[in-house]
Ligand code: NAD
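The chain below stands alone and is given in C-alpha cells; this is the form predicted alone.
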C-alpha cells in the first residue's frame, strides 16, 4: 500500500493545509493500492509563492549551473528508473515490460534531449546592433496526464528547469505514484528550494487555481480537448501563455505496395500498445479499397496475437486506467456496432477468462466511413478503425478530414512517395516508416492544441523574447 500524503513545496515535503485524501485504484485488480492527499487552493497559493520567490535567483543562473543540475537529475533518475516503472505498472496498468521499458525510456530520453538542447540553445543572439535575448518566462504550471506519466512529466519539467523557470507540477490523480518518485529524484539531485514544487489533487481544484493564478506566467497542459478549453478560459483574464497538447484521431496511411500486409499488422499491433491510451495513436488505418480483404486478414491476425492479462505477467496489453475509461471504451464499441461498421476483432466486454479488472479486448472495425463517430471522436482505448481509400489524393483527403491534427503515420516501400504524402498531412507530427526522434518537436494543429514539446524547439515555449537595441 502506497501512501503519498505530503506535497513537495519550497524544497521540503510538507503536510497539506487541509487533510483530505483520495484512494488510488489498481486497474488490474480494482482494489485500492494507495492514497494521496488532495491539495486545496491554499496549498496552490503556498506552492506558487515558493516558485515566485525562487524565480528571482534561479532565472539568473548560468547555463553551466543549470546543466550541472540537469546532469544530476539524469544520474538520480538512472538509480530510480525501475522503481518508477513498477509504479507506472501499478498506477495505470501498463505491462511490466512496457512500464520498465518504453515508459521509463521516454523519461530518460527526454532528460538526455534536454541536456543536449541546453548545451546548444541560443539564449543570446546578436543581430546587427540588437541583442535578441531569450529569457525565462517565469512561474510555470505543469498539468500532466495519466496515460504516459513519466513522458509528460519529463517533457515539461526538464525544459522549464533548463531555461531558468520555476514551476508547480500537478500530476494526474489517477496515476500519481511515478511523479512522487520523480519529485524525490529532483530533491536528491539538488534542485534549489522553490524551483520545483508538486501538488497532488484534482484538476477541478488544483488545475483551475493554477490556471487562474495571477503569479503563474505559463500553463502547459496535456489532456483532453474539454480540459484544454477550460484551462484556456481560466487563464484568459491574466493573459498568460497556455500551451496545449490535447486529443488526436491520427491517420495511419498504408501505401499500396508489397509491404501492405506487414504494415497493416504493425499498425494494428502498435494501436494496442498502452491499451490504446495514446493521444498520438494511429487510430484511423487507411488502406487501399481494392485490397481491403487483404488488410482485414492482416489486422485480424495481428489483433488476435495481442495477449491481454495481468500487467505483472508476460502479456502485451494490460487494463485501461479506470472503470470510467473502461465504460467509455465499451460505449464506443457499441456505437461502432450500431453505426454498421464491420467488427473483425474484439468487441464488447472483457477478454475471455478475465472476470476482474478494467480489461478491454483488442478491437478492430473494418469498412468504416470517416463520417462515423468511431472515426471522428477519440476513443482512447484499444479500438482501431480501418477506412478504405481510392487513391493517394483520396487518402490524404480522408486523413485531413478531422477536427484533430496531432500526429500521422505513413508506411510504404517508396520512400519518396511516403515523404510526399507526409508533407501534405495537416498534422503536427508525422512518423514515416516508424521514424522516431527525441529532438523532433511534438504538438498539434486544429483542436489538438498549440505549442511544441520535445527537444530544442520545446525550450521555446518557456522563454520570452527580449530585444536589446543598441546592445553592440
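Everything quoted here is computed from the prediction, not taken from an experiment. Numbering follows the first chain given and starts at 1.
There is another form of the same protein, the form predicted together with the ligand; it is not shown, and what comes next is about it.
Comment: 214-222 is the region of 259-267, 177-185, 384-392, 214-222 lying near the ligand in the predicted bound form, near meaning a non-hydrogen atom within 4.5 Å.
Among heavy atoms of residue 143, some come within 4.5 Å of the ligand in the predicted bound form. Remark: residue 90 does not count among the residues lining the ligand in the predicted bound form, judged by a heavy atom distance of 4.5 Å or less. In the predicted bound form, at least one heavy atom of residue 380 sits within 4.5 Å of the ligand. In the predicted bound form, the ligand lies within 4.5 Å of some heavy atom of residue 227. Think of it this way: in the predicted bound form, the ligand has a heavy atom of just one of 247, 309, 346, 357 within 4.5 Å, and the residue is 247.
This chain lacks the partner; the member of 202, 400, 369, 238 within 4.5 angstroms of the ligand in the predicted bound form by a non-hydrogen atom is 202. For the three residues 139, 168 and 192, a heavy atom within 4.5 Å of the ligand turns up in the predicted bound form in no case. Contacts with the ligand in the predicted bound form, taken as any heavy atom within 4.5 Å, map within 392-407 to 406 alone.
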